[in-house]
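The chain below stands alone and is given in structure tokens; this is the form predicted on its own.
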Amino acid sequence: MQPDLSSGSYTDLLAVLGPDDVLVDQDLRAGYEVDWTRRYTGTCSAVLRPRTTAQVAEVLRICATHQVAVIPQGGNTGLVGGSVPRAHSHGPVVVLSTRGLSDLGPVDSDAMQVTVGAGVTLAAWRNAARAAGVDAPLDFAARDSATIGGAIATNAGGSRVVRYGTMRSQVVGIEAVTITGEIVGSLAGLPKETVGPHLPSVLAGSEGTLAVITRARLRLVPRFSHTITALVSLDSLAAAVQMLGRVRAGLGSLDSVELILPGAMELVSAHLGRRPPVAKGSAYVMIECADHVDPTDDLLAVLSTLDGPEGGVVDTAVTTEGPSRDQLMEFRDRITEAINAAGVPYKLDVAVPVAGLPALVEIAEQAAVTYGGRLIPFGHLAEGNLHLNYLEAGDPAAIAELVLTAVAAAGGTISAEHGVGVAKGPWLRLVRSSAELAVMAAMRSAWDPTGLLNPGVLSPVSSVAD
């Protein structure tokens, strides 16, 4: 149980937010105190729900004055424990929910940009863009809940990274508030701006440890009128890796290349209550192309060069827009939903050079056999990014040590798009030198000298949940 707020801090916060947005009742706090996986949980003294940047600034000033730790939280779809209170935090801790920062400005079709509040969901960003005839460059399955602020804070990725890059690449302007209540940043969205470090890039991936993001200026991309999706079953993961080179070289319209391994396909198929439209394979790749002109012929031409046993292809299903495409996409989009329905997963989000994927899967399977658990693997093929989900994990720390050590040895990263949070703190040493960790600590100290913003996150001494 976290200490209660002092009477002074509570009174000051009520004066800024009002009683409806300072939640102290246990039942009202509960949904903010556990993460999406249900693995990470804690207790806070209150949940604060500001509606404007000015309110965020006042709230942070009060928290700094009274030495109250602040956990910034967006849609709470994080998977590494970084958006919920931690039991090891000292003194009063509050969750600062940014969901109320939901202003969505007009789409600037000339600049191909839009300004949004940190609490705007990815789906709302995308819908606003499409209503104006353009599109959002980032997408993933949690689009209806995940917020812009959270996506920036974790430098989220998703399925379209092969074409447009991660969230960091989409932020052309940012507004944030420091722990002392200072508002920093610019929403001008200038494509060329070279005055010192790029603030959006500094805050992207900072996981709420430097400042609270309140608004962002985001880039938009063309809305393509033609899409085509293929699900390819292959006889090995090595064949999928080989196929990737041809697909990337031959398809300028390539929008996503998703990887589904058998454990994930079996689980999501059972969850959906239907079989996939291709014969059983040892790996499945979902390819999506989008363009102003129909890319069907281009995709079919590339697939024809892979056809048959020599290319490792077992079976292929192709579909265009409409219900058939939506149903096909569910085999990828609803994997996480299927995993959560099956139990409480232990998740490792990693990336290695693409050629190293088969070896990584072998090690991940070895970890499940040795330390207990059912491995459900899927990910983003073009980035060498695998989401390794362990249901009924016997020893999460041992699994992480084996897998993450192997990832680092292969020249990979212990976090590709979900962040470090508290889950992966002990393994930062594998991918960051002592000098790099010192630089990170110095930067954090400069922004937040008293360590009140998201304590325990991005820290090499954080500990994994059991």
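In case it trips you up, residue 1 is the first one in the sequence shown, and so on. Quantities reported herein were computed from a predicted structural model and do not represent experimental measurements.
Beyond the structure shown, there is the form predicted together with a small molecule, which is absent from this document and is the topic of what follows.
Here the chain stands by itself, but in the model of the complex one stretch of 396 to 404, 42 to 50, 436 to 444, 415 to 423, 415 to 423, has heavy atoms within 4.5 Å of the small molecule. For the chain shown alone, residue 125 is not a contact residue for the small molecule in the model of the complex, no non-hydrogen atom being within 4.5 angstroms. Under a 4.5 angstroms non-hydrogen atom cutoff, the small molecule in the model of the complex lacks residue 115 among its neighbouring residues.
With a 4.5 Å cutoff on heavy atoms, residue 378 counts as touching the small molecule in the model of the complex.
Put simply, residue 387 is close to the small molecule in the model of the complex: some heavy atom of it is within 4.5 Å. Proximity to the small molecule in the model of the complex, defined as a heavy atom within 4.5 Å, holds among 79, 216, 350, 283 only for 79. The listed set 170, 256, 233, 336 contains one residue whose heavy atoms approach the small molecule in the model of the complex to within 4.5 Å, identified as 336.
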